[in-house]
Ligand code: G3P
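Form predicted alone, single chain, as structure tokens, below.
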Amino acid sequence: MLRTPMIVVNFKAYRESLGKKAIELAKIAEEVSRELNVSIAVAPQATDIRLVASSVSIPVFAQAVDSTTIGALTGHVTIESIKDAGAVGTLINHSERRVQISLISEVVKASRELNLTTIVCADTPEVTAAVAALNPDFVAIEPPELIGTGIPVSKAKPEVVTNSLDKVKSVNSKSKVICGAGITTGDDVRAALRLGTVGVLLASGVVKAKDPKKVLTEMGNALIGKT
């Protein structure tokens, strides 16, 4: 079950999170989740979803889906296929995997029908408002210029986060807001929560860390208000 506040770790296509390493990283996240009683979800590559989901009990997300239907399609990742593999939801419209607003709408609707959770990414406050109107479970504000930089949006551009929160609330009070881009420390997470978000979406700050458990523990403590 995905609870808030939460940490979502996007494994991306990094070598450090491929195959067996994806399982190892997911188990670290699961261990921290249990030790601190905090909500941590992971998003491995599509080929690793079933491996990861069968190895841990924490929520597993797809990084993206290509199609909402099954049938005569080649090379597509469908919503039905990620659910069958054990995913509880999907990221949509990440800055590295942009899709048209029409597909976002279709995926959000189809995911809801299959009881899957949707996290729709947006690069500006204006886009957060547009995607919030589609009624996703979560909207993730991520300025692309800060992704992978180690410069946290929660500190470097807090106004982007607060403006997004205001715009989403004005359009859809049910969609919750998380933020990402440059999140690498517990203090970054703490800053995000102070701004009013319900969590963070991050990748390299954990996946490429020398000690992922140490980083996740620090972030987990931030979620529950510990130093």
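Remember, it's a predicted structure, so these values are computed and weren't measured experimentally. From 1 onward, residues are counted along the sequence shown.
Another form exists, predicted together with the named molecule; not displayed. Remarks below refer to it.
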ask   = Just to confirm, residue 204 within 4.5 Å of the named molecule in the predicted bound form by heavy atoms?
value = yes
ask   = Do residue 12 and the named molecule share at least one heavy atom pair within 4.5 Å in the predicted bound form?
value = yes
message = So in the predicted bound form, is the named molecule close enough to residue 86 to count as touching (4.5 Å, heavy atoms)?
response = no
query = Hey, in the predicted bound form, does residue 130 get a heavy atom within 4.5 angstroms of the named molecule?
reply = no
Residue among 146, 134, 110, 103 with a heavy atom within 4.5 Å of the named molecule in the predicted bound form = 146
remark   = Only hit among 181, 192, 40, 60 for heavy atom within 4.5 Å of the named molecule in the predicted bound form is 181
request  = Using a 4.5 Å heavy atom cut-off, indicate which stretch of 168-176, 181-189, 32-40, 155-163 touches the named molecule in the predicted bound form.
outcome  = 181-189
